[in-house]
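In C-alpha cells, the next block holds one chain alone, the form predicted alone.
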C-alpha cells in the first residue's frame, strides 16, 4: 500500500513546494492540497524522520490523513502534540484539540503529532531535530515592538532563531536594502553597530539610534573605503532579482570576507519559476566564500526565501 508525506506551508506557496518536491524528490507524487497543506504519495513507507522535501515546507512529516476524533491522535503515540491552524491568519478555534497531550516546544528526538486544523482536521507526525522549528506550525515566535517600521524586524529575528546565529552585542553589521529599517532596529537593539545601505529613508526611530550609520546610496555606488574596518554580519534584503543582488554583493566581498562571520540574504521570488534557480543561487553564494548555505521560508517571508550563509 502507498504511504504519504505531508507538508504545511504559507497559503499561496503551494506551487513552490510542488515544484521543489518534483525536482528533488521524484519518488514522491503530488496527491492532495488545500491552502497551506499538501500531501505526496510514496510507494515506499514514509518515516517520521523523513527530511523536509522543500525549503518552503514549514512542517514536514508522515501523513496519517484526515481525522474526526482525538483517538486518532493518541494512536500515533507521540511525545508531543502540536495543534495549529492550516492558515495562520484564519480565526479558528483550536481549543477542542489543544488538550490532547503535552504541548509546548519539541525537544530533539521527540515524536511530534501535528494536528492541522482547517475546514477539516489533518494529522501528521514528524521526529523533531535541530533543523526544524520546535514550535507548532513551524513558527519562530518573535515579539515585534510597536515601533518596528517593517516586517524585516521579524525576518531577522526568525533567521537568528532558526539558524542559531551567534549574533552578539559589540559586533558590526552591514545591511544592504535597509530602509525603512526593521532589521536595523532589531540588530541595533541587540547592541550591534549597524551600517544601513539604502537610498530610501530610515524611520525616525531607527535614524535616531547612536549605533546606526546610514549610507544613503545604492549598493553599486558604495566604495570600500566608506565601510568600517570590520564587518561581522552581512544582511541583504534588496528589491532586486536574486542574481542581480548577488552580483552587487560580490564586488564588496574582498573587503568583507576577512572578518565576516556570516550573511543573511533574502532571495526575492517574484515568480515561482525562480524555484528552479535555487540550486544555482546556492552555488553563487558559495562562490562568495560562504560555503555553508541553508535555505528556509520563514514565517514572515512572503514571495521570498531566507538564505543563511556561513564561512
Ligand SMILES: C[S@@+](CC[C@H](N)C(=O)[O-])C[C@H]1O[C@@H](n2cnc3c(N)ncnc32)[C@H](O)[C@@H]1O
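All figures in this text were calculated on a predicted structure; none of them were measured in a lab. Numbering follows the first chain given and starts at 1.
We do not show the form predicted in complex with the ligand, though everything after this point is about it.
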Notebook entry, point to check: Do residue 200 and the ligand share at least one heavy atom pair within 4.5 Å in the predicted complex?
Noted result: yes
Check: Even though the ligand is not shown here, does residue 88 get within 4.5 Å of it in the predicted complex, heavy atoms only?
Finding: no
Note to self: Is residue 182 near the ligand? Define near as a heavy atom within 4.5 Å, in the predicted complex.
What the structure shows: yes
Note to self: If we define contact as a non-hydrogen atom of the residue within 4.5 angstroms of the partner, is residue 268 a contact of the ligand in the predicted complex?
What the structure shows: yes
Margin query: Only one of these stretches, 132 to 140, 164 to 172, 103 to 111, 147 to 155, has heavy atoms within 4.5 Å of the ligand in the predicted complex; which one is it?
Written below: 147 to 155
Notebook entry, point to check: Of the residues 80, 218, 127, 190, which one places a heavy atom within 4.5 Å of the ligand in the predicted complex?
Noted result: 218
Next item on the list: Let me know the one among 121, 209, 240, 227 whose heavy atoms come within 4.5 Å of the ligand in the predicted complex, would you?
Entry: 240
